[in-house]
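This document starts with one chain, in the form predicted alone, laid out as structure tokens.
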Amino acid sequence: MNAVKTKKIKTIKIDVDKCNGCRACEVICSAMHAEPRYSSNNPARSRVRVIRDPLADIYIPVYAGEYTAAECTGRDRYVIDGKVYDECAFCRASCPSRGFFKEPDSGLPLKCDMCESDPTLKEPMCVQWCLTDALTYEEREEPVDDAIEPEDVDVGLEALANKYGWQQVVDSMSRLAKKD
């Protein structure tokens, strides 16, 4: 009998009804990803953003997802309590259409890494610092078809090199390798 391969999926569940817009998640995330760790605070470096409409008292945390080299074709609009929001406001991707989720110094895309560190944290820092429990950490197992093919990695690296240049990609990889 073949055993089903699974992978652990880590995610942050967002309850927008609980978010009060304090932005503690942005502050701790940017400090966690500073070099050296916790040495500075730059919200542009944060992997989480709070979309806000303070007059309507609406706050929506959005955390960074995968990079996409192309602009999306969807330009849907959402109406929340009478205010119109562009679909981009809630998108998790770093893309050519907007400046969200890009490293301020290099312009390279940011992605939430669930605060992977040594020693391993029980939960990402944004979840630990969320006093209203608007952010909660969840892990689950999902079946996997196959391992990542080397060609997929090559395509991703080539897309980054086309956008930022090989030297920028190499420099970033070198900087990330030093963290290990």
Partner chain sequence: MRYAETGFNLEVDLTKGNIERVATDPRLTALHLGGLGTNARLFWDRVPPEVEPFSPDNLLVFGAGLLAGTPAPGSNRTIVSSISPQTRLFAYSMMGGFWGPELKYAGYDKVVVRGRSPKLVYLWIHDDQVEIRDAEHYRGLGTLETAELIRQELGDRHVQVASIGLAGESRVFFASIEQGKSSASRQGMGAVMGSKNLKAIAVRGSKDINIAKPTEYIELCNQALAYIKARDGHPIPGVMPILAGLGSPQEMKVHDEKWHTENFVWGNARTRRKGFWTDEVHKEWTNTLETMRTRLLSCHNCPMKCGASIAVDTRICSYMMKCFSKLTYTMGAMSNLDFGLRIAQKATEHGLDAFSAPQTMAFAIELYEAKILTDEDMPDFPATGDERFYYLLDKIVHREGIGDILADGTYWAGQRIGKGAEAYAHNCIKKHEQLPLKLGMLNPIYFLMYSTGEKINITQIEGNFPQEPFATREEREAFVADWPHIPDERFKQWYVEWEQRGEHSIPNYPPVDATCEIVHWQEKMHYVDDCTGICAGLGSFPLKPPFHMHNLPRLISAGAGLDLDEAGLDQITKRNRTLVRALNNRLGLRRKDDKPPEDHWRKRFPELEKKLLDGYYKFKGWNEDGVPTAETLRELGLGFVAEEFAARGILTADGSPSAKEAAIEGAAQ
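Positions refer to the first chain, counted from 1. As the structure is a prediction and not an experimental result, all values here were calculated from the model.
Heads up, the form predicted together with its partner chain isn't pictured, but that's what we're talking about next.
Of the listed positions (Ala69, Ala64, Met114, Ile51), a single one reaches within 4.5 angstroms of its partner chain by any non-hydrogen atom in the model of the complex, namely Ile51. Here is the short version: of Asp57, Glu138, Glu141, Asp154, the single residue with a heavy atom within 4.5 Å of its partner chain in the model of the complex is Asp57. Although its partner chain is omitted here, in the model of the complex none of Phe101, Pro119 and Trp166 has a heavy atom within 4.5 Å of it. Proximity of Asn162 to its partner chain in the model of the complex: non-hydrogen atoms within 4.5 Å are absent; the residue sits far from the partner.
Its partner chain in the model of the complex is not approached by Arg75, whose heavy atoms all lie more than 4.5 angstroms from it. Using a 4.5 angstroms limit between non-hydrogen atoms, His33 is distant from its partner chain in the model of the complex. Thr11 falls outside the set of residues with a heavy atom inside 4.5 Å of its partner chain in the model of the complex.
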